[in-house]
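The chain below stands alone and is given as structure tokens, in the form predicted alone.
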Amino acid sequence: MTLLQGKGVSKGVTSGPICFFQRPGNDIAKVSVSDIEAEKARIREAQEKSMAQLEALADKAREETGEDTAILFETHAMFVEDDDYVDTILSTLEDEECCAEYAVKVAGEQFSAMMAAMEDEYLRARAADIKDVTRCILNNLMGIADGGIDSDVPVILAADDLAPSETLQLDKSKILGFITQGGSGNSHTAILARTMGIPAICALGDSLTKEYEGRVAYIDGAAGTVTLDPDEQALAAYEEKARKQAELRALMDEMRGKEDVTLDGREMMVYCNIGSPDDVPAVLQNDGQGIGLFRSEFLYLAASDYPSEDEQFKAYKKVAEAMGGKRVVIRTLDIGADKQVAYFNLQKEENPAMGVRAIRICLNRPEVFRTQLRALYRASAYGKVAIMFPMITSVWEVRECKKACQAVMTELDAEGIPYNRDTEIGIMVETPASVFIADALAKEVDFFSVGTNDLTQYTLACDRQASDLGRFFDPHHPAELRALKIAADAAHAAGIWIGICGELGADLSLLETFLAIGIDELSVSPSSVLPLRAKIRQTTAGTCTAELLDC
């Protein structure tokens, strides 16, 4: 029996074959070849596969998100056969007498650099398209599976860790659970696992090696263990946990349709966090009252260029309509820090978590902000959409955001485009600065939503992405709870509601504390809704007093 110990970041048990996520290497070596014609044939075959894949993606995009996205993939397909691009590849192959992979890599770098240097803005933007096309051809040359999962059956997906853009391309129907060498409870892999309601283990380190590819593993997300070739005792323990898990799920099913109300009548709004429209079925399946955090940056992470107003509008509208009048809080783009997008061309920063990110990008790039706001307000005509601004530290930032909203509404009025004039506007409280001036901020907006992941990071000076801080990254720290109380008191004094959209909201051990603080809404992963509802319905709010704050 082999036992690997990591950190459990999403509960549950499951078993299945281990499959390592495949990504193209950035260190493709120059290998000399004697048969140039054979390499040309390999390139032609990779081009044909790439064309077929891109055309299939265009068809899928046309059906699911509309013509604008489909055109993007059709443009990529055109680049695969572009004469200048292909000539650059072939001339590199012949001049360097190298392998096909190296020729495609070098040609792609040269061609994208040439495009990026163009004076015409449209042509400069196509540099990102060339990079995507090059990556597609390289994947096919190197046998890298589309979507990174080379399996016809569901697997336990293994990786060093996954970037936000990589999690977006995953075929979620093939994933039973996640195991990663690095990462933390706040990593995008962990967040995705909790959204999907499947187990995940991070921080396995060097113990997770490629030699385990294809081996059947038994993983326990609560204990943080990965077991291979379990003995009889370990297998019996696993089977018992799986049985209890099934029983708990059956018990939670009884919570569907019930109200989120304490024994003495205190109502708590229980909403869901999502990363894309694909997550809405999980919200509905788990009976979420609404969506408290829609991370709109998925649109930017999944694109090779700035998503258009219509592309964004269709995505927001799809979610608003699917939720049938329930509140959908959409956060404006939160790019930067650990979520980097190449075409934004952000400067490299020593400390990106404290650099140009989120609302700072929006206020520095008003046209990007305007495009998103127009899409959001247009979608507000199709459901109960609320707009939320992240990373707020000053009152002037909120006022600038509100001015941008007013300008967009004036434009839509002039164009005769319908929207909800009473769309709620809120902010994320996720910096100590926003806590200290919460009383002033509360007078400017309709609601607060506390991002506890970042608030803990900035309050405790602990990198939320680090896997080795352990007990130092403590979301239960008295400073964090005091910050929540200050923000809640300021919100209620101004007559607005306050929620929590960070992962801490799903911590059942803190429910009584949240009630004592005065939190009105908890937005959690869809899989956490029913357990949270069960806990709420077993709690008497009147007994939750300030002594619980441990301050």
Partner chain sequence: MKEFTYTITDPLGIHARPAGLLAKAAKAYADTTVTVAKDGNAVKASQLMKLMSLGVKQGNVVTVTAEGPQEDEAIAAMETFFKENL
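Since we're looking at a predicted model, the values are computed, not measured. Numbering follows the first chain given and starts at 1. Throughout, rigid core stands for the largest set of C-alpha atoms superposing within 1.5 Å between the two forms.
The discussion below concerns the form predicted together with the partner chain, not included here.
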Taking 4.5 angstroms as the cut-off for heavy atoms, does D253 touch the partner chain in the model of the complex?
no
I'd like to check something about A342: if you look in the model of the complex, is any of its heavy atoms closer than or equal to 4.5 Å to a heavy atom of the partner chain?
no
Partner proximity in the model of the complex: A159 to the partner chain, non-hydrogen atom cutoff 4.5 Å:
no
Should C362 be counted as a contact of the partner chain in the model of the complex, where contact means heavy atoms within 4.5 Å?
no
Tell me, out of E211, E232, D82, E109, which residue has a non-hydrogen atom within 4.5 angstroms of the partner chain in the model of the complex.
D82
Work out which of T75, Q285, Q245, T393 lies within 4.5 Å of the partner chain in the model of the complex, going by heavy atoms.
T75
Tell me the stretch among 112-120, 98-106, 188-196, 261-269 that has any heavy atom within 4.5 angstroms of the partner chain in the model of the complex.
112-120
When the partner chain is placed as it is in the model of the complex, are M354, R357 and M428 each within 4.5 Å of it, taking any non-hydrogen atom of the residue?
no
Tell me, please, whether between this form and the one not shown the C-alpha of I486 is shifted by 2 Å or more, with the rigid core used for superposition.
no
At a 2 Å cut-off on C-alpha positions, does P277 qualify as shifted between this form and the one not shown after fitting the rigid core?
no
Indicate whether A433 shows a C-alpha shift of 2 Å or more between this form and the one not shown, with the rigid core used for the fit.
no
